[in-house]
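Single chain ahead, by itself, as structure tokens, in the form predicted on its own.
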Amino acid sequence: MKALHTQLSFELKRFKASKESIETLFIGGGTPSTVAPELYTPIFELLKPYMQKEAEITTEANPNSATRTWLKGMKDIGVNRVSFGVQSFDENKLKALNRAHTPKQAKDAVMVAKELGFEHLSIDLIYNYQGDTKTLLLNDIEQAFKLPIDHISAYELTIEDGTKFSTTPEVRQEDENLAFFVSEEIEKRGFNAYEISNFGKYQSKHNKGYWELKNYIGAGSGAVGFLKDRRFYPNTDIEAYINNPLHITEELLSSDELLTEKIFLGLRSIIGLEKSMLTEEMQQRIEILCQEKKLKCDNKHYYNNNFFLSDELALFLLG
């Protein structure tokens, strides 16, 4: 936490942060709920002058470690949104995913957060794990909607190198019908999709900031920051990060790389694409997509109706 404070102090200067210039804050990656709220206090004190009054402040939390005391402590220091890593309400699936909580712990954690007065609550669900069926996923969705949440992130299982599942890639099943099924069932219940994996009555400002390619500070081991045309990578090794939190690698992005990123992000979310940012060749290609009703088009913007086709559409545009 001291290393984090050191890096944040440095980044606030690098980003030329001014009074009330920070719109959102997200505490995530790993398990923030295993860190006592009082250890976050110096970080919040450092950031307070830069935070907007109505800033969205989210913390991720694991249901088994997000105790009432922890949740209350986080609310007291200013957190107003909690995203719970529920993944499923199926006991066997949770065990298979190596999750430490039970379905009851997940439900209880959300109810306690509501009782404590958190403004916005979200849960994560995972689909296309080996053995997932429409029946199991429908039960997950129905259980989720019995809870006082205003947001769901539904992620397709991905296998990352170096994780427990990298030695058993067969646990991921390929079933695009389940992706459409999950999306439709969530939308049917009144949560609108505003990005390929995110649905809600409330749309997270922090999530949208990434898709709009706004500048963001990435603080902590393995975080990523972005400023204009540069990416910043703090050390991914936790011990090395603690020893030197200011050892940060920089990557300069070309205008072509930035445009590619805007296209991919814009098509996988409600952000869409601005006509003015596209090359002439891209504008000719995009007109074909408009004629084929693959995109919704007006004079200045293009929007994608089917986020699951976003990669294919982006690749067509990029030629």
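If you're wondering where the values come from, they're calculated on a predicted model, not measured in any experiment. Each residue number is its position in the shown sequence, starting from 1.
FYI, the form predicted in complex with a small molecule isn't displayed, but the following is about it.
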Notebook entry, point to check: Hey, in the predicted bound form, is residue 157 touching the small molecule, heavy atoms inside 4.5 Å?
Noted result: yes
Next item on the list: Give a yes/no on whether residue 235 approaches the small molecule to within 4.5 Å in the predicted bound form, heavy atoms considered.
Entry: no
Margin query: Contact with the small molecule in the predicted bound form for residue 107, defined as at least one heavy atom pair within 4.5 Å: yes or no?
Written below: no
Check: Hey, in the predicted bound form, does residue 40 get a heavy atom within 4.5 angstroms of the small molecule?
Finding: no
Next item on the list: Select, from the options 124-132, 184-192, 222-230, 68-76, the stretch whose residues sit within 4.5 angstroms of the small molecule in the predicted bound form by heavy atom distance.
Entry: 124-132
Notebook entry, point to check: Do heavy atoms from each of 81, 87 and 151 fall within 4.5 Å of the small molecule in the predicted bound form?
Noted result: yes
